[in-house]
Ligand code: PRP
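Okay, so here's just one chain, in structure tokens, the form predicted alone.
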């Protein structure tokens, strides 16, 4: 068993009772896909709101019904990227777009080779460059941060386009210490938000106690135990 990673500054574990309760719903093997998706939505709303706290604000003059005043508004120079790792990351996308409708969505196609546990890329629709990388904020979504291989590969797509690590946030439902350690070693300055830091990985790279395959359970494509 791997000890918890010795990092504090860039990892936030969301110790919210609503998150904790709904993660228990996700873990239960008897939770049906509809209830699973509903629990993911509840957790995601909280995690995403926390992750969006780094959105830059500027002052703007507005008129209330009573007087002129200044208000905090999102800086219009900033560009925001929502980047779900396919396919399980899609379950975050709709909620993220509802909260931040001016964001752009760039999908990242990665899957883990079950023999080597290494990530394999099959799709991404990223641009060749960003107009102002230092003003671009990226939010990568993947329900499970397990070995960390896919997470590192996804983050690298953006750092290769000169996005500062400080502007990149990785959001997951649950994480393994091994994945947290690998991602934080590769990129020391990115931010990570998760609903739970689980115990460890098993010998085939699954998180324990975990919740199974989030994509299969969300999209009703998993086989019941014993089938």
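As the structure is a prediction and not an experimental result, all values here were calculated from the model. Residue numbers count along the first chain shown, from 1.
One more form of this protein should be noted, the form predicted together with this ligand, which is absent from this view; the next part is about it.
J.: Based on heavy atom distances of 4.5 Å or less, which listed stretch (136 to 144, 68 to 76, 123 to 131, 93 to 101) is in contact with this ligand in the predicted bound form?
T.: Heavy atoms within 4.5 Å of this ligand in the predicted bound form occur in 136 to 144.
J.: With heavy atoms only and a cut-off of 4.5 Å, decide whether residue 86 touches this ligand in the predicted bound form.
T.: Yes.
J.: Taking this ligand as it sits in the predicted bound form, is residue 157 in contact with it (heavy atom to heavy atom, 4.5 Å or less)?
T.: Output for residue 157 is no: heavy atoms all beyond 4.5 Å of this ligand.
J.: Are any of the heavy atoms in residue 110 no more than 4.5 Å from a heavy atom of this ligand in the predicted bound form?
T.: Yes - in the predicted bound form, heavy atoms of residue 110 and this ligand come within 4.5 Å of each other.
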